[in-house]
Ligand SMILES: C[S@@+](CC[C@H](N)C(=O)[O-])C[C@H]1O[C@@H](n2cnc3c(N)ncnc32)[C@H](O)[C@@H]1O
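The chain below stands alone and is given in structure tokens; this is the form predicted on its own.
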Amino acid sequence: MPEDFIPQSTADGSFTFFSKEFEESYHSQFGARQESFQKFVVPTRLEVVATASKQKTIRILDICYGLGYNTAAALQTIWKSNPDCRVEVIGLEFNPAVPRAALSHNLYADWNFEYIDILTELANTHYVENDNLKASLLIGDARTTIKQLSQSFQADAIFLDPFSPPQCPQLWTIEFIALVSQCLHSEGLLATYSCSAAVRTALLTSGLIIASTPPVGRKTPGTVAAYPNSLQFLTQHPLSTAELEHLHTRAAIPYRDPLLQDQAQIILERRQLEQRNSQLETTSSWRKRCLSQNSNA
């Protein structure tokens, strides 16, 4: 299905696109720009890492590069804190027309963004390198391109930003997230906007520990993950009692894609069957219990 890439305004004045293929916007309607900073850059503590960095290279894995907002927010934050910091970025993107469309529609006009030439070169040639940056864009199914990195790239920050699990389950499965976790440095942080119990289960199964990130423009939080004993993780918000209980309901049954090649509908149906056969508490029962406990508190 061809995409029209018609800019849509969000509440913070920035713009996004709507995907016909996935039937979702690329960003929250509460604010595309603020989402990139508050859901991804802040939880991965890039400003702190850049400020503390002397000669260290900061490595970023941007999964579902899209319009390039998350990478742009990261570069802006890092170089504002430490102009001499070297950054390596690898972006995974299925549709190379998306970042080009963002630039052709001048969607960075109100960002005060100093590095538009970098984003332009990256969108057009998929590679940029200068004294303090090495960036590449890997085009294709992320389930395939991630395999090029799992043994060779250790990211200080991973942005996990696909379309929602019901619309794009193939990038939220236990198998895919296991490969993603292999790309995370022992002191790195992974951030995603999702608080799905199924996604959190996949992160935990990959050997990571998780916490909530503050809600941004919506009621639900995001998630940040790290390896156990990560010093970077100490400042994160622990899961609430309700969130911990949610991980023991049918909602926490993960998406599975054993060969990393199934279509979305097959992955969804596989999980639905597992949920129907599960003895775990239903999500509706858990939600009613939480509401009852809150009303009696």
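Just so you know, these numbers come straight off a predicted model, no measurement behind them. Numbering starts at 1 and follows the sequence shown.
As for the form predicted together with this ligand, it is not shown, yet the points below apply to it.
Undergrad: Under a 4.5 angstroms heavy atom criterion, identify the one residue in 207, 140, 214, 217 near this ligand in the predicted complex.
TA: So the residue touching this ligand in the predicted complex, by this definition, is 140.
Undergrad: Pick from 227, 79, 163, 153: which has a non-hydrogen atom within 4.5 Å of this ligand in the predicted complex?
TA: That would be 163.
Undergrad: If contact means any heavy atom within 4.5 Å, which of 197-205, 80-88, 95-103, 124-132 contacts this ligand in the predicted complex?
TA: Going through the listed ranges, the match is 95-103.
Undergrad: In the predicted complex, does residue 254 come within 4.5 Å of this ligand, counting heavy atoms only?
TA: Residue 254: no, not in contact with this ligand in the predicted complex.
Undergrad: Report whether the minimum heavy atom distance between residue 70 and this ligand in the predicted complex is within 4.5 Å.
TA: Although this ligand is absent here, residue 70 would touch it in the predicted complex, with heavy atoms inside 4.5 Å.
Undergrad: Is it the case that residue 18, even though its partner is missing from this view, gets within 4.5 Å of this ligand in the predicted complex, heavy atoms only?
TA: Residue 18 lies outside the contact set for this ligand.
Undergrad: Hey, in the predicted complex, is residue 58 touching this ligand, heavy atoms inside 4.5 Å?
TA: No, no contact at 4.5 Å.
Undergrad: Where, within 25-45, is there a heavy atom within 4.5 Å of this ligand in the predicted complex? Residue list please.
TA: Read in sequence order, the residues that approach this ligand (within 4.5 Å, in the predicted complex) are 26, 27, 36.
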